[in-house]
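Just the one chain here, laid out as structure tokens, in the form predicted alone.
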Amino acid sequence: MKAIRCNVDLAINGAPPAFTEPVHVGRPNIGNREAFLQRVNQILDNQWLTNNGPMVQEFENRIAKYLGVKHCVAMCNGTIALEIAIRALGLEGEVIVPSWTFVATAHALYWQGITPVFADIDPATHNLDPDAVRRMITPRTSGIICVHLWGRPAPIAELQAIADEHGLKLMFDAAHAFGSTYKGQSIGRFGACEVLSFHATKAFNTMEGGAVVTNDNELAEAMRLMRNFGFKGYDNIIHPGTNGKMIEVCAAMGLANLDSVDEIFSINRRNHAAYKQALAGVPGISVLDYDATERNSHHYIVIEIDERCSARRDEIVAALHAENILARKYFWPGCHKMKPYRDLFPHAELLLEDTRTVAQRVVVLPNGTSLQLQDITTIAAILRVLAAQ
């Protein structure tokens, strides 16, 4: 391995970076290329490119079977899937969400005139803290949207109990959690519904896409109408709707990748174990772990930087970028610090102490099928140098 020659600002003396090409967080996993191209040729031969074609129908059936749910309603992306699920559930007024999430979770509410109310997280799990959720309930609260952050399941039973006690709708943003389990059951079976993202950066992707999965027959039927302008057959519109349909090529990508998903998850698990081993004992740097009794894609390599580390979090990110390692500060600084939410809730941080602490510590490192074990060794060696300076 080449000598590591970085410091907390820039590569020493302008030396070339450790990686000649950028190593990204979220580089797409691509399954069987030939299988995908064969399906694309089928699409072109069928001349059926969108509007609930055979690829989308097969994709929905296979996802539902994989997760053990009655219904998968495929969508053009995860954000539209969130918006349609929110509208189909009749959420209004205020809905409790974490601030420590990708901003789409909050935007999907605010875009529809619903106020996202931010509750704090458990610093150990990075998921919503049920006690914090209780504190944020008001007479205007209609629901809770909880995120399975990093694919690690949220406190589902506790949140469902709160929702039942207060007559609230509970749904989950499971954008990170495809393939995860909770007490041995697949994520996707909980709450009124769960929303998946199949964006290119996810462990399992359809290039661009998303879905809502549910066991509620009426809810699924409403969402199928809503994703296609409310059409029920030809020239018969029976429900307000929009254009949320997944196209055939995206479904084809999903079907090809679904055949490879176990291999993708296995590589991610290998990489996570390699990072843990390589960073063991580094002062001030800890690798977020996954429950060995549950299934997880292990897609997110999350490290936390604490006060024992010689370099600050932002210095570490800058130094990694100088080495062409494009680590990310997901999801800094938290939704409550972003416009328009900073203006809407100028004092929200007073109630989000753990969110603030975690947001200042987290770095997400590259992972995926394109990452080699030697790359992990190099990244870890750079972090060791930074931590010791």
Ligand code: T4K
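These numbers were taken from a predicted model, which means no experiment stands behind them. Start at 1 and count along the sequence shown; that's the residue number.
Beyond the structure shown, there is the form predicted together with the ligand, which is absent from this document and is the topic of what follows.
Stretch-level contact analysis of 232-240, 195-203, 265-273, 116-124 against the ligand in the model of the complex, using heavy atoms and a 4.5 Å limit, identifies 195-203.
The listed set 286, 160, 181, 77 contains one residue whose heavy atoms approach the ligand in the model of the complex to within 4.5 Å, identified as 77. The contact with the ligand in the model of the complex, taken as any heavy atom within 4.5 Å, belongs to 330 out of 66, 36, 341, 330. None of the heavy atoms of residue 290 is located within 4.5 Å of the ligand in the model of the complex.
Put simply, residue 26 is close to the ligand in the model of the complex: some heavy atom of it is within 4.5 Å. Using a 4.5 angstroms threshold between heavy atoms, residue 176 counts as touching the ligand in the model of the complex. The closest non-hydrogen atom of residue 171 lies beyond 4.5 Å of the ligand in the model of the complex. Residues of 93-121 lying near the ligand in the model of the complex, listed in sequence order, are 101, 102, 104, 105, the criterion being any heavy atom within 4.5 Å.
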